[in-house]
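Okay, so here's just one chain, in C-alpha coordinates, the form predicted alone.
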Amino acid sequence: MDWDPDTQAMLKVAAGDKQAFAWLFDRHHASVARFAFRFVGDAARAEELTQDIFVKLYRHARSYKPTAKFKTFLFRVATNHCLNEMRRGEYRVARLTAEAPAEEDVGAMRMPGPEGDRPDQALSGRELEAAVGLALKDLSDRERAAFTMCRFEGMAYRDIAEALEASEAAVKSLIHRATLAVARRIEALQAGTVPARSRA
(Lines give C-alpha, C1' and ligand atoms only; values in the text may rest on other atoms or scores of the structure.)
Protein backbone atom coordinates (compact mmCIF):
# COMPACT_ATOMS: atom_id res chain seq x y z
CA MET A 1 0.00 0.00 0.00
CA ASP A 2 1.17 3.55 -0.74
CA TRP A 3 1.42 5.37 2.56
CA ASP A 4 1.85 9.11 2.88
CA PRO A 5 5.33 10.30 3.99
CA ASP A 6 4.26 10.74 7.63
CA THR A 7 2.88 7.22 7.85
CA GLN A 8 5.96 5.82 6.13
CA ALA A 9 8.15 7.61 8.65
CA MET A 10 6.09 6.35 11.59
CA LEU A 11 6.33 2.79 10.30
CA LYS A 12 10.10 3.27 10.19
CA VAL A 13 10.00 4.56 13.77
CA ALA A 14 8.10 1.40 14.70
CA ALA A 15 11.00 -0.55 13.22
CA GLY A 16 13.50 1.42 15.32
CA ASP A 17 14.55 4.19 12.94
CA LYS A 18 15.48 7.16 15.14
CA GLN A 19 16.14 9.45 12.19
CA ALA A 20 12.56 8.93 11.04
CA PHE A 21 11.38 9.94 14.49
CA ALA A 22 13.52 13.09 14.38
CA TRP A 23 11.99 13.92 11.01
CA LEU A 24 8.47 13.52 12.36
CA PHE A 25 9.34 15.57 15.43
CA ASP A 26 10.69 18.45 13.34
CA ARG A 27 7.71 18.29 11.03
CA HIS A 28 4.95 18.27 13.65
CA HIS A 29 6.47 19.81 16.78
CA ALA A 30 5.08 23.31 16.16
CA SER A 31 1.52 22.06 15.56
CA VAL A 32 1.50 19.97 18.73
CA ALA A 33 3.01 22.84 20.76
CA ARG A 34 0.31 25.23 19.52
CA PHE A 35 -2.35 22.68 20.38
CA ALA A 36 -0.98 22.13 23.90
CA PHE A 37 -0.68 25.89 24.41
CA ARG A 38 -4.41 26.26 23.79
CA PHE A 39 -5.01 23.96 26.76
CA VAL A 40 -2.55 25.26 29.33
CA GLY A 41 -2.02 28.87 28.19
CA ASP A 42 1.63 28.73 29.12
CA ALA A 43 4.37 28.35 26.51
CA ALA A 44 6.85 26.60 28.82
CA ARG A 45 4.29 24.07 30.05
CA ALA A 46 3.01 23.56 26.50
CA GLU A 47 6.55 22.69 25.47
CA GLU A 48 6.82 20.17 28.32
CA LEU A 49 3.54 18.60 27.24
CA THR A 50 4.76 18.49 23.65
CA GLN A 51 7.90 16.66 24.72
CA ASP A 52 5.77 14.22 26.75
CA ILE A 53 3.51 13.60 23.75
CA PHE A 54 6.42 12.79 21.45
CA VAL A 55 8.03 10.58 24.08
CA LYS A 56 4.75 8.69 24.36
CA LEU A 57 4.58 8.45 20.59
CA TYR A 58 8.09 6.97 20.44
CA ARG A 59 7.57 4.54 23.31
CA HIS A 60 4.41 3.14 21.75
CA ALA A 61 5.64 3.19 18.16
CA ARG A 62 5.84 -0.59 17.94
CA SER A 63 2.11 -0.88 18.47
CA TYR A 64 1.34 1.73 15.80
CA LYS A 65 -1.18 0.63 13.18
CA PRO A 66 -1.77 2.96 10.21
CA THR A 67 -5.56 2.89 10.36
CA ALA A 68 -5.85 6.70 10.06
CA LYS A 69 -3.74 9.60 8.83
CA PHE A 70 -0.63 10.02 10.95
CA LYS A 71 -1.63 13.56 11.94
CA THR A 72 -4.99 12.26 13.14
CA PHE A 73 -3.22 9.59 15.19
CA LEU A 74 -0.77 12.16 16.57
CA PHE A 75 -3.57 14.52 17.60
CA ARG A 76 -5.46 11.68 19.24
CA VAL A 77 -2.38 11.09 21.40
CA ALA A 78 -2.01 14.85 22.00
CA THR A 79 -5.70 15.27 22.82
CA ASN A 80 -5.72 12.43 25.32
CA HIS A 81 -2.56 13.72 26.95
CA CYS A 82 -3.87 17.30 27.20
CA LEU A 83 -7.28 16.18 28.45
CA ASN A 84 -5.61 14.08 31.14
CA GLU A 85 -3.56 17.11 32.10
CA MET A 86 -6.67 19.27 32.34
CA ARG A 87 -8.50 16.66 34.42
CA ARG A 88 -5.82 17.03 37.02
CA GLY A 89 -7.15 20.57 37.37
CA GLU A 90 -3.77 22.15 37.93
CA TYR A 91 -3.96 24.40 34.90
CA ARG A 92 -7.68 24.93 34.46
CA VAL A 93 -7.80 28.33 36.13
CA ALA A 94 -4.25 29.26 36.94
CA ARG A 95 -2.71 28.95 33.52
CA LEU A 96 -5.44 30.19 31.22
CA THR A 97 -5.08 33.85 31.96
CA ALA A 98 -6.99 36.76 30.54
CA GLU A 99 -3.78 38.15 29.16
CA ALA A 100 -2.72 37.52 25.62
CA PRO A 101 0.48 35.50 25.30
CA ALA A 102 3.69 37.35 24.65
CA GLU A 103 4.34 38.09 21.03
CA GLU A 104 7.19 35.59 20.91
CA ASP A 105 4.88 32.91 22.29
CA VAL A 106 2.19 33.53 19.76
CA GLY A 107 4.26 32.73 16.70
CA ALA A 108 2.02 31.14 14.14
CA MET A 109 -0.89 30.82 16.55
CA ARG A 110 -2.86 33.69 15.11
CA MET A 111 -6.22 32.87 13.68
CA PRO A 112 -5.90 32.19 9.98
CA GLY A 113 -8.43 33.21 7.42
CA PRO A 114 -9.12 35.95 4.93
CA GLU A 115 -9.61 39.48 6.12
CA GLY A 116 -12.86 41.06 5.11
CA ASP A 117 -15.93 42.40 6.72
CA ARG A 118 -15.65 40.05 9.69
CA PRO A 119 -16.64 41.61 13.00
CA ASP A 120 -13.10 41.19 14.29
CA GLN A 121 -11.46 43.16 11.52
CA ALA A 122 -11.14 46.31 13.64
CA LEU A 123 -9.15 44.49 16.33
CA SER A 124 -5.41 44.35 16.40
CA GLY A 125 -3.79 40.95 16.26
CA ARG A 126 -2.99 41.06 19.96
CA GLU A 127 -6.53 42.09 20.92
CA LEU A 128 -7.93 39.34 18.78
CA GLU A 129 -5.57 36.83 20.33
CA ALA A 130 -6.64 37.95 23.81
CA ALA A 131 -10.31 37.63 22.90
CA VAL A 132 -9.80 34.16 21.52
CA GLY A 133 -7.79 33.19 24.59
CA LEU A 134 -10.61 34.31 26.88
CA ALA A 135 -13.17 32.48 24.80
CA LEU A 136 -11.12 29.28 24.85
CA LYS A 137 -10.95 29.53 28.62
CA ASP A 138 -14.72 29.25 28.80
CA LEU A 139 -14.99 26.24 26.49
CA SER A 140 -15.23 22.65 27.59
CA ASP A 141 -12.05 20.66 27.03
CA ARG A 142 -13.56 18.83 24.06
CA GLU A 143 -14.89 22.06 22.52
CA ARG A 144 -11.42 23.58 22.90
CA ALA A 145 -9.77 20.55 21.32
CA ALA A 146 -12.18 20.42 18.39
CA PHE A 147 -12.03 24.17 17.76
CA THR A 148 -8.23 24.23 17.94
CA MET A 149 -7.81 21.34 15.53
CA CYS A 150 -10.31 22.88 13.10
CA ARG A 151 -9.46 26.56 13.30
CA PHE A 152 -5.73 26.53 13.99
CA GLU A 153 -4.62 23.23 12.45
CA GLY A 154 -7.00 23.11 9.51
CA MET A 155 -8.03 19.53 10.17
CA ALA A 156 -11.15 18.10 8.54
CA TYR A 157 -14.20 17.17 10.62
CA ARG A 158 -13.63 13.50 9.85
CA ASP A 159 -10.04 13.61 11.11
CA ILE A 160 -11.06 15.56 14.22
CA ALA A 161 -13.78 13.01 14.87
CA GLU A 162 -11.20 10.22 14.71
CA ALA A 163 -8.82 12.12 16.98
CA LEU A 164 -11.57 12.73 19.55
CA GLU A 165 -13.12 9.29 19.02
CA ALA A 166 -16.46 10.97 18.37
CA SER A 167 -18.95 11.18 15.51
CA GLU A 168 -18.63 13.88 12.86
CA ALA A 169 -22.00 15.26 13.97
CA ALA A 170 -20.71 15.61 17.52
CA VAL A 171 -17.59 17.37 16.26
CA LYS A 172 -19.64 19.80 14.18
CA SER A 173 -21.70 20.59 17.26
CA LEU A 174 -18.59 21.14 19.39
CA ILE A 175 -17.06 23.46 16.81
CA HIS A 176 -20.34 25.34 16.31
CA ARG A 177 -20.67 26.05 20.03
CA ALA A 178 -17.02 27.02 20.28
CA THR A 179 -17.27 29.35 17.28
CA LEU A 180 -20.30 31.09 18.77
CA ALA A 181 -18.45 31.57 22.06
CA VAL A 182 -15.44 33.05 20.30
CA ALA A 183 -17.66 35.36 18.23
CA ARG A 184 -19.47 36.55 21.38
CA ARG A 185 -16.16 37.31 23.06
CA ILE A 186 -14.90 39.28 20.06
CA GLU A 187 -18.16 41.24 19.81
CA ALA A 188 -18.01 42.01 23.54
CA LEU A 189 -14.45 43.23 23.22
CA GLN A 190 -15.44 45.51 20.38
CA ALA A 191 -18.42 46.80 22.38
CA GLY A 192 -16.31 47.31 25.49
CA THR A 193 -18.40 44.93 27.57
CA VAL A 194 -17.50 41.73 29.36
CA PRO A 195 -19.88 38.85 28.64
CA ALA A 196 -20.88 36.43 31.34
CA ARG A 197 -18.82 33.28 31.24
CA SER A 198 -20.63 30.33 29.82
CA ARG A 199 -19.15 28.10 32.48
CA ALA A 200 -18.06 28.59 36.00
Partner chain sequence: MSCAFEEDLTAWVDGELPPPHRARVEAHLGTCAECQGTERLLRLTVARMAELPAFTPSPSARRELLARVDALPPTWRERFAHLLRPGVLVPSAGLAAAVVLTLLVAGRTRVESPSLEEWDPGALEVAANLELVEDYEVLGLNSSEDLEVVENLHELGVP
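Positions refer to the first chain, counted from 1. Remember, predicted model here, so these are calculated numbers, not experimental data.
Omitted from view is the form predicted in complex with its partner chain, to which the following refers.
For the three residues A9, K12 and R87, a heavy atom within 4.5 Å of its partner chain turns up in the predicted complex in no case.
None of the heavy atoms of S140 is located within 4.5 Å of its partner chain in the predicted complex.
By the criterion of a heavy atom within 4.5 Å, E165 is excluded from the residues contacting its partner chain in the predicted complex. Although the partner is absent from this view, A22 contacts its partner chain in the predicted complex, with a non-hydrogen atom inside 4.5 angstroms. Taking non-hydrogen atoms only, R59 approaches its partner chain to within 4.5 angstroms in the predicted complex. Taking its partner chain as it sits in the predicted complex, the stretch 22-45 comes within 4.5 angstroms of it through a non-hydrogen atom at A22, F25, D26, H29, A30, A33, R34, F37, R38, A43.
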